[in-house]
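Next comes just one chain, in structure tokens: the form predicted alone.
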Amino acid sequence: MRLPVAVKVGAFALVVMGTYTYYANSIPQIQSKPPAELSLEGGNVTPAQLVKAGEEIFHTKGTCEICHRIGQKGTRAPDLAGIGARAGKTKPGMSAKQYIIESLLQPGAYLVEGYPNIMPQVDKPPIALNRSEVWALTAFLESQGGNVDVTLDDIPKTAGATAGGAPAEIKIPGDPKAGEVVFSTKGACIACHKAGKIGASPVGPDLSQIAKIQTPDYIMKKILDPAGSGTVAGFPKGVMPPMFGQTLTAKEYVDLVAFLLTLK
């Protein structure tokens, strides 16, 4: 008995699909996991190991390079070359490690001339380093021209601590897609800023990773009161319009914030 063509085609398709499914399932699967938090409390670690761990944090989780450089002018913040030596001479009565720790945990306590108060606390979201990571990062910064003598006891026990465990992600009730449209059209943000693949103007800071280094609170305030939030070093003052609170509707504003919070 001859089988209909449709039946033959269907049977052939099932065989092909089954073959590919078997082949795909036979390939070892690589599971992607987020990096574990660094924990050095209670363990023995040499200064060299501590500095190496801190250097890794500087380049990765700490997101320090978005604003700082070592040996060249930073994009938003001071050059950190030699900070281990300079730190001990910055504030009278404060050692290098004390100044560095304060700069990480309370960055607004002392501002380098010419740079606004825009650095977030590194042990709070969005960066959220834990106590061990703050310790290692401090050691790395000390190593830039200074002596590494920071101990875990120098880092406040409250560093990186959050009430009730890990901090909850803040979600803005806006539409990021609609906010992207506002960014490109009515808001005219692309006239001065770059955001990933959108825009290319160097008039204002690149916002492609703004949500990695700034809090939602800062981003919301910056749109409504740009001058009050400080001007990023290296960019002209007074260029960003202060009237978005009047020109954007409430929905457009919330949508724009929601879009900016996706830039990581």
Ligand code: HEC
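When you see a residue number, it is the position in the sequence shown, counting from 1. Everything numeric here is computed off the predicted structure, so don't read it as measured data. Between two forms, the rigid core is the largest collection of C-alphas that superpose within 1.5 Å.
Only in words, not in the display: the form predicted together with ligand HEC, which the text now covers.
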| item | value |
| --- | --- |
| Contact label in the predicted complex: V239 to ligand HEC, heavy atom within 4.5 Å | yes |
| Close approach of A85 to ligand HEC in the predicted complex, 4.5 Å, heavy atom | no |
| Exercise: Q49 in contact with ligand HEC in the predicted complex, heavy atom 4.5 Å | no |
| Partner proximity in the predicted complex: M119 to ligand HEC, non-hydrogen atom cutoff 4.5 Å | yes |
| Residue among P107, P156, G145, P125 with a heavy atom within 4.5 Å of ligand HEC in the predicted complex | P107 |
| Partner contacts for 227 to 244, taking ligand HEC in the predicted complex and a 4.5 Å heavy atom cut-off | G230, T231, V232, F235, P236, V239, M240, P241, F244 |
| Large Cα shift (2 Å or above) at V181 between the shown form and the other one, core-fitted | yes |
| Core fit, then T63 C-alpha moves 2 Å or more between the shown form and the other one | no |
| Threshold 2 Å Cα movement between the shown form and the other one at L50, rigid core reference | no |
| Outcome for the Cα pair K237, C67 in the predicted complex, compared with this form (closer or farther; change of 3 Å or more) | farther |
| Sense of the change in Cα distance from K91 to T231 in the predicted complex - at least 3 Å versus the shown form | closer |
